[in-house]
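In structure tokens, one chain follows: the form predicted alone.
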Amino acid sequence: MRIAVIKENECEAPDNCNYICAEVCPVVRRGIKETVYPRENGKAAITEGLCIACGICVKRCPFDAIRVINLPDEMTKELTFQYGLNSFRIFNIATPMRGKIVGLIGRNGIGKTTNINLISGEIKPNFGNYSAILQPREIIKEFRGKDIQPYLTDLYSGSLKVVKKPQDFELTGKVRDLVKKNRFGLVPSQLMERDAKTLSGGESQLIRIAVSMDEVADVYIFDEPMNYLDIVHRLLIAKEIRKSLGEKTVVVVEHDLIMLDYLTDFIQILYGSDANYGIVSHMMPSRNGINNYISGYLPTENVRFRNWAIKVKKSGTAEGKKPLVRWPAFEVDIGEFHLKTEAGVLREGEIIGIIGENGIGKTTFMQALAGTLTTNLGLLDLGIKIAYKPQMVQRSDCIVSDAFAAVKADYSTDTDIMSIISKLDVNKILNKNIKNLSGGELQKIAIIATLMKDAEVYLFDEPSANLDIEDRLEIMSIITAIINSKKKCAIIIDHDLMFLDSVCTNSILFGGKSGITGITDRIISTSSAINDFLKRVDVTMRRDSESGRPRINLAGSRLDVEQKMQNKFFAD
């Protein structure tokens, strides 16, 4: 089976291209012009049955808009959905289970959102016949004998009510008008009178989840519910979904492996080629599924979907290394909020994590160190160069390469920077407008632009947001390598505990009361900071014996009870 994908947004025929793909095609040169031809809108099209997969058009396209991929012929019968001519397609389908929580995991652009749109009924399977509108009975017949058939039968009959929390959303109006029931008490009273447009990313996420859970339904679908939520609220949401929706049918898409493992009963892995095609794996118990995803291999299907395994490793230490920068104890007042901090020191090659819930001054602390926020000592001047990536990255009407050049004019001759651009697949979007980037692409652009700057200290506020597991791993590796090799230092705010555990040598645990006070603890080891944080929220964690990744213990389990008795809330 051969598939050809032409990305219409990248294809600039006919305005900036005279169909070079057709000019270089050997089949077209033999006189079979319908192999590569203009479609009605002027974009190029490829007849997959005539293509010989020589790869010449892929290499010669000046806009990197073409992919030609060979797949096993048996995949033909698994084709579930295709968007259009030479477009993204999905093989197999996610399968909800009554009374269970099923998690979907995979790279961005691999078809997770397409799958939840299929099982919510927003789009219907077309089995590659994208120009046809199939009747429900025809679709159900195609899935005869498969686990998904009873679910689709109920869905198309109208006997299932489905509620979906989308990945991207916009809230307008008063919070009290949006959250009318708040039947699980997820939204605190102090947010009720706020205008939705004034909410932070985490507050907006919490409101949208509450709105979805307020509805009485048979099926609940959550697309990346943990984005921008702090660790406390991630645990709160996970616990509430398990407790209140455990007898319903629940599907969750999520990149935080700790929360996905804790929240779900079963996992389906999506793999393939991002933006080209996605394949949905068989169902697996959550622990096995996540460990298989980390290893990049599906033993029951004998499929290696990644040629390397994700390494979950504990961060090192910066003890004995030369101090690079010190900051004094300081305080910040913003309206009714008060932050009180302790003095600290950063050493060469050290990466410090910031742990704590939202609203207790983590970003305020980082802005003060960056010299953009006035403290009781005035604007801090630490006597060194600081590069700062803020939490919310602003979109601009600018080409990516031009934005990079504005930060560092000769970035294209910097081998380190170009290596980072290649590792994060940003070279494919250098000619795209920033305003059209996805959330993950925008995050990568902001991180690279920060690393381009000539600085001693790099500050990153929530660098893992909107990134998939592989990109989070790559970011971990890149930041660690640069900080160590160039003897710089960094501070990272993030809510993914696995990210912080892997990257940060030491951490600062924040305390206080959200929106009122913030207090920083001293700098301690990251494992100690995570242990102290977990003690506050009465949750224990251990490391998986196979992968080494942190896992949450079920409340009241033998391990949970034993670790609490030993005061080891994080069994490192």
Ligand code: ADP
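The numbering used is simple: start at 1 and walk along the sequence shown. Note that the structure is a prediction, hence the values are computed from the model and not measured.
Separately, the form predicted together with the ligand exists; it is not shown, and the next lines address it.
Engineer: Considering the ligand in the model of the complex, which of Q167, N433, T153, T372 comes within 4.5 Å of it through any heavy atom?
Structural biologist: Selected residue: Q167.
Engineer: Could you tell me which one of S438, S200, S244, T113 places a heavy atom within 4.5 Å of the ligand in the model of the complex?
Structural biologist: Only one listed residue qualifies here, and that residue is T113.
Engineer: So if I measure heavy atom distances to the ligand in the model of the complex, which of the stretches 100-108, 475-483, 446-454, 488-496 falls within 4.5 Å?
Structural biologist: Partner-contacting stretch among the options: 100-108.
Engineer: F88: heavy atom within 4.5 Å of the ligand in the model of the complex?
Structural biologist: F88: yes, in contact with the ligand in the model of the complex.
Engineer: With the partner left out here, check for me: in the model of the complex, does some heavy atom of L71 sit within 4.5 Å of the ligand?
Structural biologist: Flag for L71 set to no.
Engineer: Would L134 count as touching the ligand in the model of the complex under a 4.5 Å heavy atom rule?
Structural biologist: Result no; L134 lies far from the ligand in the model of the complex.
Engineer: Contact between Y83 and the ligand in the model of the complex at 4.5 Å, heavy atoms?
Structural biologist: Because a heavy atom of Y83 falls inside 4.5 Å of the ligand in the model of the complex, the answer is yes.
Engineer: Scan 252-289 and note down the residues that get a heavy atom within 4.5 Å of the ligand in the model of the complex; none is a fine answer too.
Structural biologist: The stretch 252-289, when checked against the ligand in the model of the complex, contributes only A275 at the 4.5 Å heavy-atom cut-off.
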